[in-house]
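In structure tokens, the next block holds one chain alone, the form predicted on its own.
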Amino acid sequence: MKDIQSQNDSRKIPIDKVGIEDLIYPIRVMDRANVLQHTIAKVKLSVELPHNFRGTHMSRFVEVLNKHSNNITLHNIEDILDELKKVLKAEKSYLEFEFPYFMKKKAPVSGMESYMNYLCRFIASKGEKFDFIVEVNVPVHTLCPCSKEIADRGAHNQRAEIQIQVRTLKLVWIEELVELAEESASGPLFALLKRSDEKLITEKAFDTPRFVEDVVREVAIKLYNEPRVYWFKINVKSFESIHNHNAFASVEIDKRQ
């Protein structure tokens, strides 16, 4: 059959990325406590398209993924990217896996266990060199230092989210990034708490007030002192409880510069 996608295109416009997205696919992720964790990813695959090709072969993205269906883990992401380049005759390929990662957490007083889920992403590309970013989104608790200072009773507090992206020299566990984020906020979140746990957590938050600026700096210091991490980007968003808007702060640092 005639290969329409490979026909010459006279418009002379290369396309940065072309591919498929929102494909739901099972993957395995390294788990510090259980070796591997099975989860479901929303997958995005793409390649660069030279100006002289009319299109790419969309079905081949899924074909390549299916070849690795029994072993889609952190270790073979580069292999998937190499095969996409080869099969689609591309100079550069891209991959994104977005997935929920589950951690069992124990309440601080009652000791009751429950699962928390964290939205994570693997963001990778391969041209001449392989590039890989791990992203973790961690929901936390923050209490406003200004409100605590000026209020006669209590202080406004809210949930916030810490997004961390890292490039690393060696493996950094998702669990480590979650713990690092939670330690930088007024307090962590739990799926299940008893009254004794709630008392401890709210009092701890009152004793540890943090602006978004405080949180992003606390995370940055910890990552800057982590020798396995050579680049990081942090975004902290506070879902304000007494305003009709959110507050945010962000930092990006390349330790090689």
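Worth saying up front: this structure is predicted, and the values here are computed from it rather than measured. The first residue of the sequence shown is number 1, and the count goes up from there.
The following text describes the form predicted together with a further copy of the same chain, which does not appear among the structures shown.
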Even though a further copy of the same chain is not shown here, does S93 get within 4.5 Å of it in the predicted bound form, heavy atoms only?
no
Classify I40 as contacting or not contacting a further copy of the same chain in the predicted bound form by the rule of any non-hydrogen atom within 4.5 angstroms, answering yes or no.
yes
Can you tell me whether E113 touches a further copy of the same chain? I mean in the predicted bound form, with a 4.5 angstroms heavy atom cut-off.
yes
Look up in the predicted bound form whether I133 has a non-hydrogen atom within 4.5 angstroms of a further copy of the same chain, and give yes or no.
no
Partner-proximal stretch of 133 to 141, 120 to 128, 173 to 181, 78 to 86 relative to a further copy of the same chain in the predicted bound form, 4.5 angstroms, heavy atom
133 to 141
For the stretch 202 to 235, I need every residue with any heavy atom inside 4.5 Å of a further copy of the same chain in the predicted bound form, listed N to C.
T202, E203, F206, D207, P209, F211, V212, E213, D214, V216, R217, E218, A220, I221
